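Listed next as structure tokens is one chain, alone, in the form predicted on its own.
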Amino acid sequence: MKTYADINRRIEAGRAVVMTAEEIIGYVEQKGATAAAAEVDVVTTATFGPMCSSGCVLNFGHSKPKIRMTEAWVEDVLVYTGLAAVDVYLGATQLRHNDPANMYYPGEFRYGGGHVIEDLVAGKELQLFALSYGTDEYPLRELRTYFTIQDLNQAIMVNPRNCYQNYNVAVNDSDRVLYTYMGRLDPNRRNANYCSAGQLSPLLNDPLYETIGVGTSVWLAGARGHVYAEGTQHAGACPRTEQDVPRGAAGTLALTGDMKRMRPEFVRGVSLTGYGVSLGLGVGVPIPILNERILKRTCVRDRDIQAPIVDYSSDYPNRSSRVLGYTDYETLKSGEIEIEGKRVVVGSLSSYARAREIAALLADEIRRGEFLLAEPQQRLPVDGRMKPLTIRPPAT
């Protein structure tokens, strides 16, 4: 048995043994779980892909004279101003002003909140336009200026839902093309799309949330971040395999970190034809090997992880519980799956190559003593279920 303090002492001394979630599989096969658990201190996990429920809080400081922003736009993308005078929240899926959206279907969605976040992290100069009704202490009613991320007092990424534990494989059973957040789906099951790093993905390596919880330190696009809550729609009480791996979406993480310390290559605006805009984000999470049981969890393989195949033409939009079947990530990554006797080509919205790169970068930071682990202050719930929105009349 090890403790977080034991492992952090080894990290600070430059003696920590760190492996990625890919590397640990073969190492345990060679050494055995008992010996490997005694030797290995940390296993790094990672994912990179679109994470729509993301955004950031920006503080601009006060102009002269001062303004209480009641409406504001950054690069013509609306930001939320229902905070203090010069604090705003920018959501990754917010569209640019006058974007035609799906008026001329399918819309292109060339620029939105995710692209603003990408440009901010890249250090580009952006335009702020703000309006106000004016008050005695905040008399300015209109402001237009240009800024970079270094001009801001704070630029804090605050993401309510990242790092889905598992997710659907999307197909289209209709006779027309569908444009979804899972990408383009051709009619009559001509293709399928998924979005997960599989065996590298953080919560699949800690399926019962034994080490990843509120307060866990994470590598958020190159910055030191942390889990600040269970993610929205976190639903740990779901069907699982004999190894406790979820057979559906299950857990999520709410993450935060300093955007000024992020690396541009891991923060990318995403345009999804016919759907909208999003943010491609890279996340790495270290798993401390406190005991042999935790180590064995990190040896999960793509072939052990099952994902549900769901029709996005009818079942998904109508919240049907029907599942067409299950497939594993080893098969998904082969580029072709079988659905009811038919071979279907598969594409991925997430980048396994980037996830592998992130896991290696995090492992190197830990080996150099630059990234310490943080013990969770609160476990994520394993028994929670997601409530639906019920459309109903007012209560009498």
Partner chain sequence: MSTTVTKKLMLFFPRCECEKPIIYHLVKDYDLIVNVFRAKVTPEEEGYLVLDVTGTEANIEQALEFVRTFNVTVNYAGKGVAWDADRCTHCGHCVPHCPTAALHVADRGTMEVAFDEAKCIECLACIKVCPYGACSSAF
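Here the structure is a predicted model, which is why all the values come from computation and not from measurement. Positions refer to the first chain, counted from 1.
Heads up, the form predicted in complex with its partner chain isn't pictured, but that's what we're talking about next.
Asks: In the model of the complex, does each residue in the set Gly183, Asn191 and Leu349 place a non-hydrogen atom within 4.5 angstroms of its partner chain?
Replies: Every listed residue reaches its partner chain in the model of the complex, so yes.
Asks: Identify, from the list His234, Arg96, Arg268, Arg297, the residue with a heavy atom within 4.5 Å of its partner chain in the model of the complex.
Replies: It is Arg268 that has a heavy atom within 4.5 Å of the partner.
Asks: In the model of the complex, which of the listed residues (Gln243, Ser217, Thr273, Thr148) lies with a heavy atom within 4.5 Å of its partner chain?
Replies: After the contact test, the surviving option is Thr273.
Asks: Of the listed stretches (61-69, 365-373, 38-46, 334-342), which one has a non-hydrogen atom within 4.5 Å of its partner chain in the model of the complex?
Replies: Partner-contacting stretch among the options: 334-342.
Asks: Would you check, heavy atoms only and a 4.5 Å threshold, whether Gly55 touches its partner chain in the model of the complex?
Replies: No, Gly55 stays farther than 4.5 Å from its partner chain in the model of the complex.
Asks: Could you tell me if Arg356 has a non-hydrogen atom within 4.5 Å of its partner chain in the model of the complex?
Replies: Within the cut-off, so yes.
Asks: Indicate whether its partner chain has at least one heavy atom within 4.5 Å of a heavy atom of Gly280 in the model of the complex.
Replies: Residue-level check for Gly280: yes, a contact with its partner chain.
Asks: Do Glu118 and its partner chain come within 4.5 Å of each other in the model of the complex, heavy atoms counted?
Replies: Yes, Glu118 is a contact residue.
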